[in-house]
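Heads up, the chain below is alone and in the form predicted on its own; it's given as structure tokens.
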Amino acid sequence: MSRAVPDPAPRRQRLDARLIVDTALTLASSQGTEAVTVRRLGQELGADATAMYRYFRGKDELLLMMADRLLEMVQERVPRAARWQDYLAAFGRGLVSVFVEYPAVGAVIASRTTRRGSEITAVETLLSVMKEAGLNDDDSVLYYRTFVDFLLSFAGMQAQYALLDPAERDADESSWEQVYGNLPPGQYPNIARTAPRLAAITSDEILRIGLQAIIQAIALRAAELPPQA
């Protein structure tokens, strides 16, 4: 009779910040940010939980590292375009896409500042794009902040919406037809007339119009200014 061979012990992975952050993102995607603890990360990575503290001081710092990784993903997916308008539009779509792909993180960090490399690179790049558009330094900062704050607000809202229970999402979406579509026309003539369109609007359309409006505003402002050196 052959003796049973015991299962090999879990192989420990060599820890580094990227591995920890990517593991945390995977955990958050499947179980929410509440599941991202040093103990759980240690289990996933086959490492002592206390070893995690060599890379971050606490949960909030880890969240900021995860947020910075999302910004890195955005920049990896968005090639620099020849036209500044095309780059801003692609960056906007890319950022929303990444936040919705990782909604548990996106919903939490949309209002935060990571103060780390990927964010700093994004700020420098976007300010450079504003200069390419023809803005001066003051306007570059103003329109950069307007662009990014719109995107983060929209992306955070979409991420939060993705986290809703499917029944809650269905109730919200059906309300445009079941509630707004049945309001008395005499009392709410504008809603009654446009109810089918209200129900049909998509988040992609809203993002497209928002980006288009900001890009047009940048172009109009640049046209008012003397050429930049």
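The numbering used is simple: start at 1 and walk along the sequence shown. Computed from a predicted structure; not experimentally measured. Here, rigid core means the biggest group of C-alpha atoms that superpose within 1.5 Å across both forms.
What follows is about the form predicted in complex with the DNA, which we do not show.
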ask   = Within 4.5 Å of the DNA in the model of the complex, heavy atoms considered, which of Ala162, Ile191, Ala47, Leu64?
value = Ala47
query = Is the gap between Ala199 and the DNA in the model of the complex 4.5 Å or less for some heavy atom pair?
reply = no
ask   = Is there a non-hydrogen atom of Tyr180 within 4.5 angstroms of a non-hydrogen atom of the DNA in the model of the complex?
value = no
ask   = Closest heavy atom of Ala195 to the DNA in the model of the complex, within 4.5 Å or not?
value = no
message = At 4.5 Å between heavy atoms, is Val38 in contact with the DNA in the model of the complex?
response = yes
ask   = Thinking of Arg14, Tyr53 and Gly58 as the candidate spot, does the DNA come within 4.5 Å of a heavy atom on all of them in the model of the complex?
value = yes
note = Given 38 to 46, 163 to 171, 64 to 72, 24 to 32, the stretch touching the DNA in the model of the complex at heavy atoms within 4.5 Å is 38 to 46
task = Once the core is aligned, please say if the CA of Ala199 is shifted by at least 2 angstroms between the shown form and the other one.
result = no
message = For Gln160, does the CA position differ by 2 Å or more between the shown form and the other one when the superposition is done on the rigid core?
response = no
message = If the C-alpha spacing of Pro166 and Thr37 moves by 3 Å or more in the model of the complex, is that a move closer or farther apart?
response = closer
query = Glu34 to Arg116, Cα distance in the model of the complex relative to here: closer or farther, by 3 Å or more?
reply = farther
